[in-house]
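Below you'll find only one chain, the form predicted alone, shown as structure tokens.
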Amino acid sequence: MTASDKMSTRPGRLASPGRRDLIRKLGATSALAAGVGVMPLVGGYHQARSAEPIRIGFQVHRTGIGAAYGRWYSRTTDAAVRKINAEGGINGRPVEIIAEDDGTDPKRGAEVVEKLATQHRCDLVFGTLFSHVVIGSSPRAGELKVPYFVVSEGHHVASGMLNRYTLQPGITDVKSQVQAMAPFVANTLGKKVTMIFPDFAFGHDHRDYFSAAIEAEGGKVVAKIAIPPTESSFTRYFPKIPRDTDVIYHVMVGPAVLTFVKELGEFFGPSRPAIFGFIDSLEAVDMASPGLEFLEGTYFWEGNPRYAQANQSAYDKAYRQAVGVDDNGASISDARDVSTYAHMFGCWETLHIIKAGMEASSYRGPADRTGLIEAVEAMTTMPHSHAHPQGDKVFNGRTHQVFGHQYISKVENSRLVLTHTTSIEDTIYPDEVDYTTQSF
């Protein structure tokens, strides 16, 4: 592990810190990390090549509505493992990825978890994105007592719905995201909001938590339009948008997202309300695609800015190079192949957290799984670094959820230009569970 990639841990459980205390501690840790350069490669590479590998089961959406994400989650995972192995692996052992397609299906997801744990004898399972698949798979991980590191964004982990074996330490959740976004929407775009969202757990998180957040800012959700995630045409839903809508809030997923945004533009023409979208609606889609001209001047949440910004960090630059992504967020080898840049960093960061947890717990094999979980639960601050190119983070070991900066970008000349960055403090909410009190 490079010096700049180290994360703070706490020995055992601590009382719940206040939000300002967390941010003050984070600031001190990040300032230290900012002054540390990248060290030469760790000298354990030869040993790593000859040792039994750490086998990480990768539950990946290769098919189904999550396929675009799955492809880029795979590229990011492969790049992270190349980096980790080049630096000596984990505890002197190389990392091996064993991938299985879950079809973006909850039932199949549970079967994949079992296969990775029992047939492939993986040390842990990692990588799941779509929330309904996480919810369908997590109980099986708990029954098998295999650590399950998800890269999902759903609030199901921090809500207490799941179990101690399920953690989300590398990507923020919807509740924290919308809590940080709501003040910008209310104060910049308008108070009366129509929400358009996918009709499954991820969309329901947006529906519930954004509604509460916008009301806290003096706004109101005037309509909630749920759309099946497998829908291929959307025009019939748009007449449900009330005439007094100030802002359309949209977050869609799946292969028809480009159709959704195009049809929205055709429906409104030049006379449209303000629009605030989550980039999920245009992940893996070229912003310059014909039919998207009407998005000029609209805003998007991004988990990680797709376009390299004027103040691009050295960490983001190195991460793009490692994964093979250009300054526009597309594949270096094919400019038409646009990445899922707002989400896929979570795979990179989660793998580095797994590495740090295994090293802190002196992990040797499945008998040490509970020690790995306890080591990750003890983590607190995660400074902006090569291990965390998206930005500083604070991890809450009680809820198994990480908190980080959120980004709002504006469409200008068919590009996403970063307009506002939230503080981590904006995203933190009271604990709803303490997984550390649950037995293994």
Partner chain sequence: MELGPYLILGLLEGLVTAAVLALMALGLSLVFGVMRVVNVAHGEFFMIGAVLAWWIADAVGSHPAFAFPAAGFMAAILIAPVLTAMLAMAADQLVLKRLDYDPERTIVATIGLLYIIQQVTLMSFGPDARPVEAPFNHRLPIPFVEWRAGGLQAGGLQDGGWQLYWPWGLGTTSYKLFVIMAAAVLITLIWLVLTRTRAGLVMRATRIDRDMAQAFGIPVGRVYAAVFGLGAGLAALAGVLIVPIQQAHYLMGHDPLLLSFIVVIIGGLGSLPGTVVAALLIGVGDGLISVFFSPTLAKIIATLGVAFVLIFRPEGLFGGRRQ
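Positions refer to the first chain, counted from 1. Quick caveat, the model's predicted, so the values are computed rather than measured. Rigid core (definition): largest C-alpha set, two forms, superposition within 1.5 Å.
The form predicted together with the partner chain exists for this protein as well; it is not shown, and the discussion that follows is about that form.
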property: Position in contact with the partner chain when the complex is considered in the predicted bound form, options R82, R236, K220, K317, heavy atoms within 4.5 Å; result: R236
property: 4.5 angstroms heavy atom contact with the partner chain in the predicted bound form for L258; result: yes
property: The partner chain contact at K192 in the predicted bound form, heavy atom, 4.5 Å; result: no
property: Touches the partner chain in the predicted bound form: T63 (any heavy atom, 4.5 Å); result: yes
property: Distance check, D199 to the partner chain in the predicted bound form, heavy atom within 4.5 Å; result: yes
property: Heavy atom contact within 4.5 Å of the partner chain in the predicted bound form, the stretch among 335-343, 179-187, 212-220, 299-307; result: 335-343
property: Three-residue site T230, R243 and F267 fully in contact with the partner chain in the predicted bound form at 4.5 Å by heavy atom; result: yes
property: The partner chain in the predicted bound form - contacting residues of 280-306, heavy atom within 4.5 Å; result: A284, S289, P290
property: Is_shifted D334 between the shown form and the other one (CA, 2 Å cut-off, rigid core); result: no
property: Cα displacement of D199 between the shown form and the other one reaching 2 Å, rigid core superposed; result: yes
property: Rigid core fit then D244 CA moved by 2 Å or more between the shown form and the other one; result: yes
